[in-house]
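Quick setup: the structure tokens below cover two forms of a single protein chain, split into structure 1 and structure 2.
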Structure 1
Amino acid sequence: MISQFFVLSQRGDHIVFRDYRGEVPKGSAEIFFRKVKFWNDDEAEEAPPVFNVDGVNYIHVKVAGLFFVVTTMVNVSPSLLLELLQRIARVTKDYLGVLNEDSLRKNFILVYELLDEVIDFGYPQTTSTEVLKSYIFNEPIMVDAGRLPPLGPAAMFMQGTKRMPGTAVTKSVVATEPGGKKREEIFVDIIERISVTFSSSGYILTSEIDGTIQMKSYLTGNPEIRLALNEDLSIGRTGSSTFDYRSSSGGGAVILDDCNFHESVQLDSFDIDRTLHLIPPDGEFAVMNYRITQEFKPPFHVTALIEEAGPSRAEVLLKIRADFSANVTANTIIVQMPVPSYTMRASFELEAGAIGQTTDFKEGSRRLEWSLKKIVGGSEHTLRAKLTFSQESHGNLTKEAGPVNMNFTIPMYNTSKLQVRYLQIAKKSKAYNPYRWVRYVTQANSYVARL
């Protein structure tokens, strides 16, 4: 089924390479990287996850700046191979603690040992961290996490908080702490990716939340866990709003359109008291995935306007308002807006006293980019841009420019108001009291404002 598996760095260097069948011509990794780097089909910015070159199917995902790739000569389900690549990346991170080029190179023996158990002659065998423990005998070489960039949603909690140990999200599931002891702790992350489309007049056209409750356990003996969610949680559309606008606190019942659970979750009492019972396997896994398509209050309100300022000039106004509490701060905000293809240059005007904001005009892709280091809840930020065209604009500018796209991350905030009421761990003894970490994060999946 799978002909080859390889991992490439951002520069195209081979980090891991395994040829299972010998049927794909040599140089496939170079062909793949050249195709991805110079992909320009239909003016797409990035290569699609699946494409074919000279009869060879290339399927890839990009995780932590690395390309995880498989090749095949036969017609295999792309979804299956994309899920397999994500799971290989997750298992590798479970064992190495940190997933990056340095950790892969230092632990290449362990990585190849994992690959030999996960894939046999091109056929997937198992991607369970817990099952693989019986067959993996190499100890990971830990990489210093202090000099590593954040790699994912959970990594942001390593910074700016005194409640979390620095090694919390960079620890291997098989490595022991100094002194031979293992720190008993468990992490629960509620991660929500929201999609919102605003009309040109600022009204919400579409809105959706894709959420997941992720768990990573470092508990010895796999004790039973009880995870309690909101008592007023309901599943299935009722036609009412998820967000209660009449409540000053933004409360109200949490209504999920649908959800699914990990195979280890027991739902005996879920319908009664919204409690999940499970014995967590080793490694990181999704306890529950859920989706909300009913109305909710988005964290940001985006307004965009473009209008002519002369025969070959135009002015752009972008405004962002943070509609969440002042004690919450959003990080790494990037706002992008495509402009007409005949735009020659752009000049920017930031608001007075702007700190941690940068602007740029991407000539190659003809778009404006506005980056903000952080936005505090309740604040409002404005950007003005003056565009110069190489010709007079004869069409409608609002049709040739936009839409505005926004990316952001908001730690310790969730839009759906889904909460963990308590996290209970079965006690082995009276002195047994492991650390429990419950964290929330909201990210933009597709946050768009039309002109």
Structure 2
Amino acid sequence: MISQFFVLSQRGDHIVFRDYRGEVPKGSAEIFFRKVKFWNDDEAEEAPPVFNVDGVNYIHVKVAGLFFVVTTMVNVSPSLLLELLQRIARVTKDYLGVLNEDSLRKNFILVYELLDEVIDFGYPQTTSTEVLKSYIFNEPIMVDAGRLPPLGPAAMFMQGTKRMPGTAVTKSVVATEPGGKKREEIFVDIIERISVTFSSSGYILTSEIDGTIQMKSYLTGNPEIRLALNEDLSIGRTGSSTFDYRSSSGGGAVILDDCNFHESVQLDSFDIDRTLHLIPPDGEFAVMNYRITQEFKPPFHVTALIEEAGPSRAEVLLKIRADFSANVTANTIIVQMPVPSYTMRASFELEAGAIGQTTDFKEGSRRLEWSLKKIVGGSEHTLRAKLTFSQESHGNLTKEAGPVNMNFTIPMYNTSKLQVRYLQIAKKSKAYNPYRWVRYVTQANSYVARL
């Protein structure tokens, strides 16, 4: 099983290093780091998460800019180790509130303590934040979450909604509030990552939603929770991808292709009333993951044009239309477009009165970058750019440029129309009324428009 576990910083420093079986030769962390840094230098490829050097298998995940690595000599299940690494990162985050190099360095003794209980003799024991609580004696040393650069799902709620206390999700499960009293609250996040590819004529070629219902509970006494989803939600009829596009009007029911659930979820009444029963364990976890290939209305319509304008010049036109209601605002939008490799210069022309928009020509990677702080629903934005080439363009410009890729986050918007109808907390007294946060967010996973 697992021979060693270690966490390395971006510069390759050991932050935590634990050897469980003493069978891997010395210097494995250095070998790993060198291999990852210089995987395939000339082709600029990223190292795969699993590789073998001299008979030692290195399995790693990248979390918050850190490498979480295990080594093993045995032919084990890679999924088991990758899941475990991800879970170790999550448990650590549950305890430290924030997971980054700084918090990890300050709390490395606590992490050793956790590791002692999580893995013994190379076998995973438990990764339940709750079970671990009784064996952890170190108090977490908090780092200031305010200064942190926005990272991951926790951060994306901060700007979008004012009613949300920004630090709520960066709270440790074990730390007590300054007042000595713990705030009773529960967070349910519906996070959807969408992938859309538009053809050059603007048609949708492929579309997919990968969704997850994430929960983080700070409720004392672990009360039972009922989470009700859309009543007309239907699941399955897999294998017939032609079938999925039947209800293209999009007005109808939500059809999930498939989904899976956290082990704490009881599905007894799910088939009848689409309600999930669960006793949420402490810490953050995914209640349910789902996948939708049913057609949906994409939040943005993207048009991109590139045209020759003289012997060694071209003009680019990028247009984005936000196809959602005006009370929703998308933020941190980045539009990227690769341009022909012989492009020397690019000059940009933003629309009149543009606020919070920046443009850039990345010479190294030969791409235009257009970022917008926010886009209000219903609005439309355009960017014009003039390209100057170092040589005469030959043939078809559209084959040498593009595709356009877009990145964005839309808080309080969900593409699939999957809803949490209600979130019920079974509880003893009437006075008990914990805070319930149900939040939706849509993110671009791969949002591509071809030229």
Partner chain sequence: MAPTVPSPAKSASPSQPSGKSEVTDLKQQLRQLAGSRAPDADDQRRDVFKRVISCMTAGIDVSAAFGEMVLCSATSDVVLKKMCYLYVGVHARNHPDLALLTINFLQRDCRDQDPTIRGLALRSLCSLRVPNLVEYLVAPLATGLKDPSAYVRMIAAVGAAKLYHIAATSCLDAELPAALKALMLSDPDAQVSFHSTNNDEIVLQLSSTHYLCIYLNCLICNCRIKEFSEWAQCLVLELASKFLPSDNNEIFDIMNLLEDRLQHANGAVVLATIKVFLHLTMSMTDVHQQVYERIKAPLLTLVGAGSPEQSYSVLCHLHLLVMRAPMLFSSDYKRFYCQFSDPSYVKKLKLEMLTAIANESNTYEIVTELCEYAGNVDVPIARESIRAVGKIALQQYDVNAIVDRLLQFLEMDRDYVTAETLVLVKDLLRKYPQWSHDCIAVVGNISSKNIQEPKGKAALIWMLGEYSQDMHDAPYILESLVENWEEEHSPEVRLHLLTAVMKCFFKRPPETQMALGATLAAGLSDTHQDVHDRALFYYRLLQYDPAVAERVVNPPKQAVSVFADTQSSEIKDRIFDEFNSLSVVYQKPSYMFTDKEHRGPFEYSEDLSNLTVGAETSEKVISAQRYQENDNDLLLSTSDKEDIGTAASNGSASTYNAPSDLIGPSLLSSQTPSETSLINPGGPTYSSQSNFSLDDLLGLGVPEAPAAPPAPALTLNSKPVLDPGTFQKKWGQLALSLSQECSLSPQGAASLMNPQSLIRHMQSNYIQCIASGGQPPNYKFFFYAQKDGATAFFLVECIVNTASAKAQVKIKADDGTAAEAFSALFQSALSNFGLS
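Numbers given to residues start at 1 and step along the sequence of structure 1. Here, rigid core means the biggest group of C-alpha atoms that superpose within 1.5 Å across both forms. What you are looking at is a predicted structure, and each value in this text was computed from that prediction instead of being measured.
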Notebook entry, point to check: The form predicted in complex with the partner chain: 1 or 2?
Noted result: 2
Note to self: Please determine whether the C-alpha atom of Ser79 is displaced by 2 Å or more between structures 1 and 2 following superposition on the rigid core.
What the structure shows: yes
Check: Does Gly122 show a Cα shift reaching 2 Å between structures 1 and 2 after rigid-core superposition?
Finding: yes
Notebook entry, point to check: Core-aligned, does His14 move its Cα 2 Å or more between structures 1 and 2?
Noted result: yes
Checklist line | Backbone CA shift between structures 1 and 2, Glu101, after core fitting (angstrom) | finding: 3.0
